[in-house]
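Coming up is one lone chain in C-alpha cells, specifically the form predicted on its own.
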C-alpha cells in the first residue's frame, strides 16, 4: 500500500486557526513537507511549530519567492519526486500550505504532479481573505453582492474592468504594485473606504487606510475594497 499525500491548509498565520482535521493529520504523520525560501526559515513551518512533536522527518521545498521566478517548475518537479518516493514506501506525507490549498495555494503545484499517480486528500484551510475581513471588521459580501478576487500583478485595465460596478473586491499579491493599485482605486473612486491588511492574524499584523499602505508591501498583504452603498 502506498501512502497518502495530505494537502493541509494551515490558515493565514495564527496557529489556533488550524482546523481540527488538519491538526489531527499533522500530529499523526511522520513526514511533513513545506515551502521555504532559498535561505532562512519557512513561514508555513513556523505556523504549525506549536503542534509538531519533534520526531517528524521534514522536507523543505526551498524556492525563490520573487514574483518573476515563482513558481519554479523544476523545484516542484524535484519535490514531487522526493515526496513520491516516500509515498511509494507506504508512508503518509502532510504538505503544508498557508491559507487554503486551492485558493492561490502552493500545494496546487504538487497536486498537479502527484494526484494522478498517488492518493491525495486536500484539507481546506482558513483563507487570508476571510481572516483579513475578520480582523478589519469588514464583511466581504452580503445578500446578492458579488465578491471579486483580483491579483495585483494584472495590468491596470484588467483590474479596472473587474472593479467596475458597486460590488466588493479583494486585491491580493500587492508587493511592488501597491502604488499603482492605490492610484487606480483613486481614479475609480474606490479608495476612500478601502482597507490595507498585512500579515492578517500574525504578530506583525497591520491594518490601515490605503494611504498608509507601505510601498512596496509584503507578499502576504491585501486590500479590501467594500461594495459601494
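Keep in mind that this is a model prediction, so the values were computed, not measured. Numbering follows the first chain given and starts at 1.
Not on display, but discussed next: the form predicted together with a further copy of the same chain.
Heavy atoms of no residue among 156, 160 and 186 are located within 4.5 Å of a further copy of the same chain in the predicted complex. Screening 51, 46, 62, 180 for any heavy atom within 4.5 Å of a further copy of the same chain in the predicted complex leaves a single hit, 51. Looking at residue 206, you'd find every heavy atom of it more than 4.5 angstroms from a further copy of the same chain in the predicted complex. Using a 4.5 angstroms threshold between heavy atoms, residue 215 stays clear of a further copy of the same chain in the predicted complex. Residue contact check for residue 146: one or more of its heavy atoms lie within 4.5 Å of a further copy of the same chain in the predicted complex. Among heavy atoms of residue 119, none comes within 4.5 Å of a further copy of the same chain in the predicted complex. Along 109 to 147, residues 109, 111, 122, 123, 124, 125, 126, 130, 131, 133, 134, 137, 138, 139, 140, 141, 142, 143, 144, 145, 146, 147 each place a heavy atom within 4.5 Å of a further copy of the same chain in the predicted complex.
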